[in-house]
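First, one chain by itself: the form predicted alone, in structure tokens.
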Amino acid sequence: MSKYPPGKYTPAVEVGLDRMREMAKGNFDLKWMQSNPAGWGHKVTPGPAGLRLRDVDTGYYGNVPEHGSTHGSMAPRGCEVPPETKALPMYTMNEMSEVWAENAGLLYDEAVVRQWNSVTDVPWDKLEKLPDDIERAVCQMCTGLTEVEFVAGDMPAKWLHKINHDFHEVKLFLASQIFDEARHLDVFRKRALANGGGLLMASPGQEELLAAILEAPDYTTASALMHIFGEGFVLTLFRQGEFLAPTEVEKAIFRLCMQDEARHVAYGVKHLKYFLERHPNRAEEVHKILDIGEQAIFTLTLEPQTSEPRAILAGGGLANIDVGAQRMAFIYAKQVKEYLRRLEIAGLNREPRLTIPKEIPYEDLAA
């Protein structure tokens, strides 16, 4: 006699118990062993760099549909999906052009190989006592960068759960980006607190830009604003880190963060290019969100708690803040130039629509 009397459990449990009784009698289904014949026999060989995502996603499994699967489940692309599989309503981003970039899989492979951590990969033992003006400038800069990194993780997190699982290369890349940004937030906060200083003043101007990113009406405009514009400006800044890093600690932080930011920008450029090639009539939407972003970043660039600490660091101290300001004007011009070039590569001619100066005529203003 069964120790599971009928009617004791919910119908779902009763079905499971019935199945277990059949299995105990030696009655197995095994239909799954004959499923998905078109996908069987796939084999890959690891390359010198190991087994990469793009090594596996080839042939049958490399076929990415222009419109994601309609079953709306978490079933991985390429498997057989039984008709009774439950559809999940949250996967609303089903068009490949909404999220795709040809380099997404490559960038994910790079991201997982080049992971670093702020615990042991930054030479914290090389921190040295700095003059008060330099330490305060570093701490203020790190306060602002910590603030920025919140949104750089929040934006992909806002959209990730809506993306159809057929586009797993993009989902994996965005998940790696969220972790990248967590490390950035962590490392800049640590630097602010590690050397006798502390967090200083938040940035109202920064919040305007961050709000524009999070409130963008769709993923592509949010991506253009964050990946190409916001992170592009930060990437250029990090590349000029020699101006801003008073010790080996800051140099290491900028170098490590820079490799991550370069991936994010590369995805953003390729995604916008893919999108505009298929939806050229939607270029105006991207222009309009960039109008908002440019206004916000120009305000932010000249906000005292953003511009002044960078100028102090670039000049080597408060006494040379004017020299530092000229150097930061040079970096600003480089940021705008590289921003326009990235958009050009993506297929968007932004220069005639640029709403901010291409350079800050610092010397003319001082005259």
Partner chain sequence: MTETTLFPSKQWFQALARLMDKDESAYRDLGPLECTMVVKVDTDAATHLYEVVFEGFKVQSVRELKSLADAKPEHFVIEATLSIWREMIENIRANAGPDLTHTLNYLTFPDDPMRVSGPDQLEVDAFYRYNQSLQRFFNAAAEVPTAFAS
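Numbering follows the first chain given and starts at 1. Quick caveat: nothing in here was measured; it's all calculated off a predicted structure.
Quick note: we don't show the form predicted together with the partner chain, though the next part is all about it.
Of the residues given (127, 151, 200, 106), 106 alone sits with a heavy atom within 4.5 Å of the partner chain in the predicted bound form. Note on the partner interface in the predicted bound form: the residue among 235, 174, 187, 139 having a heavy atom within 4.5 angstroms of the partner chain is 235. None of 318-326, 295-303, 29-37, 52-60 except one has non-hydrogen atoms within 4.5 angstroms of the partner chain in the predicted bound form; the exception is 52-60.
Remark: residue 205 does not count among the residues lining the partner chain in the predicted bound form, judged by a heavy atom distance of 4.5 Å or less. For the chain shown alone, residue 80 is not a contact residue for the partner chain in the predicted bound form, no non-hydrogen atom being within 4.5 angstroms. A residue is said to contact a partner when one of its heavy atoms sits within 4.5 Å of a partner heavy atom; residue 64 fails this definition for the partner chain in the predicted bound form, lying far away. Of the heavy atoms in residue 341, some are within 4.5 Å of the partner chain in the predicted bound form.
The three marked residues, 313, 351 and 354, fail to reach the partner chain in the predicted bound form, with no heavy atom of any inside 4.5 Å. Of all the residues from 231-260, those having a non-hydrogen atom no more than 4.5 Å from the partner chain in the predicted bound form are 235, 236, 239, 240, 242, 243, 245, 246, 247, 248, 251, 255, 256, 258, 259.
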